[in-house]
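First comes one chain, alone, set out as structure tokens in the form predicted alone.
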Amino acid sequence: MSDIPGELPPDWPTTEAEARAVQDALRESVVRDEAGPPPGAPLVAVGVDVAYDDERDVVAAAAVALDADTCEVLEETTAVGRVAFPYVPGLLAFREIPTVLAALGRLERTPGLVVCDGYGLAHPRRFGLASHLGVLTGLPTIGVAKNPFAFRHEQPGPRRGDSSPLLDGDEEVGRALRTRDGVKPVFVSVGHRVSLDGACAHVLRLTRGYRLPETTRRADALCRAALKRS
């Protein structure tokens, strides 16, 4: 098995105040000055995603390891558990991380990069799921979201690879990235131990014929299937 922690950190928060205090305490541990894995080098890229059954208060997480060159699936794992935190905007990581950690902990391979369906620094408190997961695991992480949350951006050019800054005031917190010609962009942000340029390059490398990277597409399908089976 990999050496990724599969259990919750001690004293997992149960209230909004506790969760915000955890974000404040861990945010300074985010590493922003590493380039991360070279975009053209051999790489095991792992996509993580979750699906919920609100009626049963159940969440399923999936981790899908891909060869970044071919997007061949190397390994898949899932975990199912109870939702560990109430729904609070800006604190969604506390609902998802318990089962995501469990799914990651079942991988035989250690990820070279983790791609989260969500945000990293593009978060009101600069500590979204990708950053939180990166700090807890020590792994390079990035966030790829389907919408820009509360941040503003100009539309990027129409071609694949075109991008524009995702801004909070004058601060660039991520990028709107066009992954297919003429298709609406995704929103990429740094999680931990990866540069923004590197994050965008990895997303383009992992995108094959669809708007979303294969890491996200496959993890989304797998967690939904796991939820149905639970």
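Start at 1 with the first residue shown and count on from there. Computed from a predicted model, the values in this text were never measured in an experiment.
Below, we refer to the form predicted in complex with the DNA, which is not included among the displayed structures.
Contact between G138 and the DNA in the model of the complex is not found at the 4.5 Å heavy atom cutoff.
Using a 4.5 angstroms threshold between heavy atoms, K146 counts as touching the DNA in the model of the complex.
Heavy atoms of G134 never reach within 4.5 Å of the DNA in the model of the complex, leaving it off the interface. By the criterion of a heavy atom within 4.5 Å, P158 is excluded from the residues contacting the DNA in the model of the complex. Segments offered: 30-38, 194-202, 162-170, 46-54. Contacting the DNA in the model of the complex at heavy atom distances within 4.5 Å is 46-54. Using a 4.5 Å heavy atom cutoff, none of A65, R178 and G209 lies near the DNA in the model of the complex.
Of the candidates I97, A79, L91, V83, L91 is the one whose heavy atoms come within 4.5 Å of the DNA in the model of the complex; the others do not. If you take 98-126 and check each residue for a heavy atom within 4.5 Å of the DNA in the model of the complex, you get D117, G118, Y119, H123, in sequence order.
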